[in-house]
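Just one chain is shown here, as structure tokens, and it is the form predicted alone.
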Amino acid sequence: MSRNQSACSRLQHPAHGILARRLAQSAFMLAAIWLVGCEREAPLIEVEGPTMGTYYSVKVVNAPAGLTAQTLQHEVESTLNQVISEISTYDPNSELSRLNRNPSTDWIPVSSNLFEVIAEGQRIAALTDGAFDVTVGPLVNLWGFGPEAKTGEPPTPEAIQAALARVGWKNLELRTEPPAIRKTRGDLYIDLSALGEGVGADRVSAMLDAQGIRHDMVAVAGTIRAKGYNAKGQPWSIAIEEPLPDQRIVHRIVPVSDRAISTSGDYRNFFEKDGKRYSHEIDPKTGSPIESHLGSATVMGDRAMVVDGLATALMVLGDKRGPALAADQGLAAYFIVRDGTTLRGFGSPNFGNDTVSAIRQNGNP
């Protein structure tokens, strides 16, 4: 779907999603692009559509002469399809799927693009002492949140222990020149879904940069990268949603300009059994879905891939260790915690400062 838009805009949801079905159900974590009022607006092209098992949304202000919605949509989808061909576990022919099937424990050459994503995952793993782990794939699949069909049943303790034996970020070694990885076990299985939507947003944003586009918003699932201003000459306004499984209520509006922002939560992708909810957020140390009062974590930073992974990591760390890490590392993070039946939101010390620094003097794009 594509359209040109220049009239006054109301609250509307960008197309959301993540790599594969996990991301499809957790779409809408970042709820809306909010453009209000009826001041003079610059020309806006908007395209949206399905990708990675879910949806994307791209808005471009003051597009270069000759750029049509149809051309923009083709280029956006070509860029996202390239990401899928590299890092998807749902595409059996992707580079990552072929890597996962390779039983070798010797150095395996990989593309620079795939290496970059795995390396970022390893960096976040080290930062979080393994709370974030790209080798968590066997557990994700076991609990029914991966490419395999969902069972709606918790796995047995024996099955969890067997999958845990294949998990551990320190079982993966990286070599920069030439790019290569080495597994200490041939059955190591890498899952980059927690970075995938950010990779997609970064790649599309870079493609727009190459065309001289300076004012745009790219949303892939719960991860958004925004540059410049919206059609009113103001920072893009992103709504953080309240972590409610059956409602969509705006909790807070965050102005974003020349930044990326990502939200991870436990309230969209889950299943229930015998009155207990099991989230898609898996703790790689216990082998089970997280149990925490933390409903969602939002991170703002320079790169979509980075904030995407960090938001997931903070969710796994929970309502105590997550905010502590954000404060210690100077992350711009916002947390929504469940206190009984009420929701309490608070930012890290740098969240407010980062938000303010991202806003420049308003002006027409």
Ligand code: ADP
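Treat the numbers as computed from the prediction; the structure is a model and nothing was measured. Numbers follow the displayed sequence, beginning with 1.
Beyond what is shown, the protein has a form predicted in complex with the named molecule; the following relates to that form.
Is every one of T79, D202 and I213 in contact with the named molecule in the predicted bound form, taking contact as a heavy atom within 4.5 Å?
-> Looking in the predicted bound form, the three residues T79, D202 and I213 all stay beyond 4.5 Å of the named molecule (heavy atoms).
Find out whether any non-hydrogen atom of E241 is located within 4.5 angstroms of the named molecule in the predicted bound form, and reply yes or no.
-> Looking in the predicted bound form, residue contacts with the named molecule do not include E241, since no heavy atom lies within 4.5 Å.
Using a 4.5 Å heavy atom cut-off, state whether P284 contacts the named molecule in the predicted bound form.
-> Yes.
Give a yes/no on whether V140 approaches the named molecule to within 4.5 Å in the predicted bound form, heavy atoms considered.
-> Yes, contact at 4.5 Å.
Contact label in the predicted bound form: A131 to the named molecule, heavy atom within 4.5 Å | Contact check for A131: yes, within 4.5 Å of the named molecule in the predicted bound form.
Position in contact with the named molecule when the complex is considered in the predicted bound form, options V60, V299, A304, V316, heavy atoms within 4.5 Å = Checked against the cut-off, the match is V316.
Go through 188-196, 106-114, 154-162, 249-257 and give me the stretch that gets within 4.5 Å of the named molecule in the predicted bound form, heavy atoms only.
-> Result of the contact check: 188-196.
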